[in-house]
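Take a look at this single chain in structure tokens; it is the form predicted on its own.
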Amino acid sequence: MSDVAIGVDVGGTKSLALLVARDGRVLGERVEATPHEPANAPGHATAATVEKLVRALCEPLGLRPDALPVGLGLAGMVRRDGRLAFAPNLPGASGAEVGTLLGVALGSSLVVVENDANCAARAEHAWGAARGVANFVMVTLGTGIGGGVVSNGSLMRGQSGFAGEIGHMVVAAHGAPCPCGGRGCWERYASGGGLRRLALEAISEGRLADLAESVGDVADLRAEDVVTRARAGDAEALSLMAEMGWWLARGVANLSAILDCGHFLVGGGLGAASELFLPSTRTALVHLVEGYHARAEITVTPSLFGPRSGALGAALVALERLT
């Protein structure tokens, strides 16, 4: 039985790897940009990046990469058998057996694959902000929106293993195009990618002039730029964060109506800026949730582990399944 595992959260922008002890302590950390996959070899670039991360964590401590459980949290629809069936935010990786490719590269049979937001939910449930909470929804705000739904203490998986793809719930009919092929998906309004889209739209309307000037080429604009301006007190950037918070509430209200869930955790990269948008979210929920005052209290709070939740949960999944 291994006392440590490696968890890797492969997101649309970056891949975070953590060396994690069985009690949840983080013993090492590495990060790399998530690669773009060549069309003729889906999954190979991602597997190579993860291999690099795993070896970088193992080598300084003299650990054998082929002897450690490794959990991969992938952004997309992961089948029960670990195949990445569809991944709008991991272009070129859809259909790839990233776990198998990584296992071959490491010479290991100790690789397990799970959806990244499911991993985040597992970490928060075991060690974090949802410890002791039987029913909650994990909402990860990264390049897109991921979700992990825990009901009566167990992760909901659905018929094919795809339950929790909440980012592609439609919140605006005929709205903004989404990489999934649809329009008006929640993640086009309330994720890092969504915030960037809202900012570009505001700039085209003549708003956020200071932000546009500071960036130079608006094609290089990132959600982090909006967050930085908002934290500096820029009124227009703060207004945009509040607008994103309203859109977050729109999706949470829909989930409340469907699931009757009273506890939502917000994590992911953008979740680290939750103080800038959650007040708007909480205010809007009162007006957006059906029968708000007839329900038990609905809480929307930051996750404990923030951007680390997915990688922590991936390590936990590997420890649980492989040891």
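Here the structure is a predicted model, which is why all the values come from computation and not from measurement. Counting begins at 1, following the sequence as shown.
The next section is about a form of this same protein that is not shown, the form predicted in complex with another copy of the chain.
Choose one stretch from 193-201, 210-218, 162-170, 123-131: the one whose residues place a heavy atom within 4.5 angstroms of another copy of the chain in the model of the complex.
In short, 162-170.
Since exactly one of 101, 237, 112, 77 fits, which has a heavy atom within 4.5 Å of another copy of the chain in the model of the complex?
Filtering the options by heavy-atom distance leaves 77.
Quick one: from 296, 61, 67, 39, grab the residue that has a heavy atom within 4.5 Å of another copy of the chain in the model of the complex.
Contact residue from the list: 296.
Any of the heavy atoms of residue 180 lying within 4.5 Å of another copy of the chain in the model of the complex?
Close contact exists here: in the model of the complex, residue 180 approaches another copy of the chain to within 4.5 Å, heavy atoms only.
Another copy of the chain contact at residue 247 in the model of the complex, heavy atom, 4.5 Å
Residue 247: yes, in contact with another copy of the chain in the model of the complex.
Is residue 254 near another copy of the chain? Define near as a heavy atom within 4.5 Å, in the model of the complex.
Although another copy of the chain is absent here, residue 254 would touch it in the model of the complex, with heavy atoms inside 4.5 Å.
In the model of the complex, does residue 33 come within 4.5 Å of another copy of the chain, counting heavy atoms only?
Although another copy of the chain is absent here, residue 33 would stay clear of it in the model of the complex, with no heavy atoms inside 4.5 Å.
Within 4.5 Å of another copy of the chain in the model of the complex, which residues of 85-100 have a heavy atom? Give them in sequence order, or say none.
Going through 85-100 in order - heavy atoms within 4.5 Å of another copy of the chain in the model of the complex - the hits are 85, 86, 88.
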